[in-house]
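Just the one chain here, laid out as structure tokens, in the form predicted on its own.
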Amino acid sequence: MASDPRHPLLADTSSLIAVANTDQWDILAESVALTTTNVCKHELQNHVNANTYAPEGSREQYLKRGSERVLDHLDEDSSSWSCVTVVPRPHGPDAGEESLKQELSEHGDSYQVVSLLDRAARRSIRRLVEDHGYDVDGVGPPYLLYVLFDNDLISKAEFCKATGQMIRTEGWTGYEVVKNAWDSIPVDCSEFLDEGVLPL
């Protein structure tokens, strides 16, 4: 794993777990170069360690499986993903998100897109970007799948189904939450998905 390169796409722990649990994980890992932080990597390892015996189908098992996939990929010698060290290292339940804000504050010119699962964290990132005058967009994890579609690496049907799979697996059931998931995604998936996972 390379430790220093900063790729234009920066992602947090929850975004990485969300995409790692979709059917498009393998092609995403192989095709998209992105960066995360040492704090997010530590959170991924914590999910693996804390859920050793997680029951099949449980949320804990979902967190463990997604985290393992991301960590395995980060640790591959041939991986194009990078992990940057954030100092001083933030702590607490939102440490991963805070590490992205910290990284962006110091190296904002290195990034074009920041992917975070939490909507409030995305708003916070957008304020930070505005304050610093950076040209960076804060998006949800479906955007990482959209990158694959936009680069003709997966079909529209594959993109729509994987995004629907993410929305269901993450348990995004509220109207506003579903609408938020599709923020920054200019693709009409109504021919492939039912209304429950579409931004109607």
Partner chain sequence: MSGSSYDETIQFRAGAEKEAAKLLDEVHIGGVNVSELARTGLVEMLRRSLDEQDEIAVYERYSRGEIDEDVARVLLGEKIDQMEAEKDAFESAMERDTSTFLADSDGE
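The shown structure was predicted, so the numbers you read here are calculated from the model rather than taken from an experiment. Positions refer to the first chain, counted from 1.
Below, we turn to the form predicted in complex with its partner chain, even though it does not appear here.
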Check: Do D150 and its partner chain share at least one heavy atom pair within 4.5 Å in the model of the complex?
Finding: yes
Margin query: Taking its partner chain as it sits in the model of the complex, is L44 near enough to touch it, meaning that at least one heavy atom pair lies within 4.5 angstroms?
Written below: no
Notebook entry, point to check: Using 4.5 Å between non-hydrogen atoms, is Q61 touching its partner chain in the model of the complex?
Noted result: no
Notebook entry, point to check: Are any of the heavy atoms in A50 no more than 4.5 Å from a heavy atom of its partner chain in the model of the complex?
Noted result: no
Next item on the list: Could you run down 141 to 171 and flag each residue that has a heavy atom within 4.5 Å of its partner chain in the model of the complex?
Entry: P142, Y143, Y146, V147, D150, N151, L153, E170, G171
Check: Since the CA distance of T173 and L28 differs by 3 Å or more in the model of the complex, is it closer or farther than in the form displayed?
Finding: closer
Checklist line | Direction of the Cα shift between T173 and R122 in the model of the complex, where the change is 3 Å or more | finding: closer
